[in-house]
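We begin with a single chain expressed as structure tokens, specifically the form predicted alone.
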Amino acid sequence: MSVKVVILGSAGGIPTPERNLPSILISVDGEIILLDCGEGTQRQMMIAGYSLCKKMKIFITHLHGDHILGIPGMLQSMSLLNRVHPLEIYGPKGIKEFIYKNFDICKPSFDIIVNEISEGEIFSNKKIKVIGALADHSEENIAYSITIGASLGKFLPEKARELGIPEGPLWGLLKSGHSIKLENGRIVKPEEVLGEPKPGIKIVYSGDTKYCEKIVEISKEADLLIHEATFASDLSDRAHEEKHSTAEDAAKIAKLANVKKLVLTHISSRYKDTKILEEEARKIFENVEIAEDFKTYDFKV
């Protein structure tokens, strides 16, 4: 399975000539997950070579304009392109009102399913699992952990037969990770009849937040952490007052969570040269880089 993570927008607050407003695209076997949808996201997708008509889910971190104002334009463009697939949108309380109010000017010609969500498991299927955690920002912000291609391990029927487990519903329970109780009272755990589990690929996106322990928790062992770094350390007081992160804050989270790679995003327009952010983070966490629009990260599951 091929997984691509594309930075569509890496600016914070306002766009710059080099950076569009926040949006991250994850492509999984032709299906698209969007994390946030700043203004002009549909154009960024087109430039990156991704169709607006593919199966897609949008996960919004919070309801600040730079993270959501791309949705109306996206819906209008999709309608003009005769999109057929339903569009699923997930976000914190208030996202439904925002979407439906905009129907007066851009009512889509396809179905939209809007889900107001909070912490915990948000979505899962055979390929993808999305978990949310409340970050610490001035507006309710949901950070997302997306795990792709994980599995409990291949079911081993010969092991099940050795343990006297009759073929049927009990096998199904074990395959899905549930323990069972046999007629003789014995408890059989899934790991007794499953092969080696596959961890899959784990991608975490913070949205806007100050340093937050919950993001440390959902980022544990992530392959890629995309974390905001709006300020350098000389503006740490302002960062914490506005509930944003410095590059050092993001690096501390990456180190504590033992992630493989950290990408700093939501870059303030004050930083024409982003070396200061990268250098401050690297003092704490080595494998770090600054997000750049259209930079792509490839994974194989």
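Computed from a prediction, not measured in an experiment: that's the story for all the values here. In case it trips you up, residue 1 is the first one in the sequence shown, and so on.
Quick note: we don't show the form predicted in complex with a further copy of the same chain, though the next part is all about it.
For the candidate spot formed by Gly120, Ser145 and Gly177, no residue has a non-hydrogen atom within 4.5 angstroms of a further copy of the same chain in the predicted complex. When a further copy of the same chain is considered in the predicted complex, only one residue from Leu34, Leu264, Ile253, Ile68 comes within 4.5 Å through any heavy atom, namely Ile68. Residue contact with a further copy of the same chain in the predicted complex: Trp171 places no heavy atom within 4.5 Å of it. At the 4.5 Å threshold, heavy atoms of Glu292 stay clear of a further copy of the same chain in the predicted complex, well away from it. In the predicted complex, at least one heavy atom of Thr41 sits within 4.5 Å of a further copy of the same chain. Not displayed here, a further copy of the same chain is kept clear of Asp111 by more than 4.5 Å at the level of heavy atoms in the predicted complex.
Annotated contact segment (heavy atom within 4.5 Å of a further copy of the same chain in the predicted complex): 69-77, selected among 69-77, 124-132, 189-197, 157-165. Scanning 12-30 for heavy atoms within 4.5 Å of a further copy of the same chain in the predicted complex gives Gly13, Ile14, Pro15, Thr16, Pro17, Glu18, Arg19, Asn20, Leu21 in sequence order.
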